[in-house]
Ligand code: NAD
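A single chain, nothing else alongside it, follows as structure tokens in the form predicted on its own.
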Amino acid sequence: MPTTNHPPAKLKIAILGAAGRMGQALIRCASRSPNLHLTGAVEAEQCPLLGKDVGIIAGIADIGVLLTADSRKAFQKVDTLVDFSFPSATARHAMLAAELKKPMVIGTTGLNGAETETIRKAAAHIPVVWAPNMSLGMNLLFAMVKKTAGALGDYNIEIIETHHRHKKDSPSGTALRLAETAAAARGFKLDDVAAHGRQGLVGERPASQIGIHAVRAGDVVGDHTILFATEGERLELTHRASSRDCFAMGALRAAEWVTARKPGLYSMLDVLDIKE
């Protein structure tokens, strides 16, 4: 008796914060994926684009998915959620995702302590990939920074990040993760050694200090440089993002990965199977 081979079902995803810059990049990249099917797109109730097709919003063809503020209805139709919205919205989304048992990928930065704790509580019930930067290259840089900060233990560390003028949080979540990684590699807590910019007569630089400097200008997608310097030499590790597609593709890869995981909080290093 002949058998019919059916192609595997595509993973149904919803994008939260779909009308934003990253949301639009996610829509474009998801539309090109052979493994993903975008079936939900959520925005805030005050968004003027509600009811419009998100394919048109993202600059591609009509894809039959309308932008909505009804997150519960959108969540019920999908397998996995990808959130690049705002901190308070992400916390609400996480609580609803935990209630509905929907795996989640979070790229939102700038969350406060209470919002962060909400994510952690949600991860006790669902698998969550949470990373300040979804770029595959940047996550390899995190691993390199950990190794370098430990190997060059007496070198000064300075971090310079540049983003577009519209970015709301400063310093970037990525810069903070780089700084946290470097501090931990040397046995410090970041709060004890961080210096956010310098002005006036601040005295000689403490050896253990980690400088973090934020630049906001133009339409820069995201540049991060971590500098290790000592007498006679310096080493600079730099990641430059020229398109948001690199973040979107990483987030979508995480969406495919997280669906099969047990409840817990995961990073992009887990997705890439990089051992810390």
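In case it trips you up, residue 1 is the first one in the sequence shown, and so on. Every value quoted in this text rests on a predicted model; they were computed, and no experiment measured them.
Form predicted in complex with the ligand: not shown, discussed below.
- Within 4.5 Å of the ligand in the predicted bound form, a heavy atom is found for all three of 17, 21 and 167.
- Scanning 58, 226, 38, 42 against the ligand in the predicted bound form with a 4.5 Å heavy atom cut-off leaves one residue, 42.
- Proximity to the ligand in the predicted bound form, defined as a heavy atom within 4.5 Å, singles out one entry of 123, 89, 160, 183, which is 89.
- Partner contact region in the predicted bound form: 79-87, out of 187-195, 144-152, 201-209, 79-87, criterion any non-hydrogen atom within 4.5 Å of the ligand.
- Among residues of the shown chain, residue 118 is not one whose heavy atoms approach the ligand to within 4.5 Å in the predicted bound form.
- At the 4.5 Å threshold, heavy atoms of residue 175 stay clear of the ligand in the predicted bound form, well away from it.
- Among residues of the shown chain, residue 109 is one whose heavy atoms approach the ligand to within 4.5 Å in the predicted bound form.
- At the 4.5 Å threshold, heavy atoms of residue 103 stay clear of the ligand in the predicted bound form, well away from it.
- Taking the ligand as positioned in the predicted bound form, the residues of 127-156 that bring a heavy atom within 4.5 Å of it are, in sequence order, 131, 132, 133, 134.
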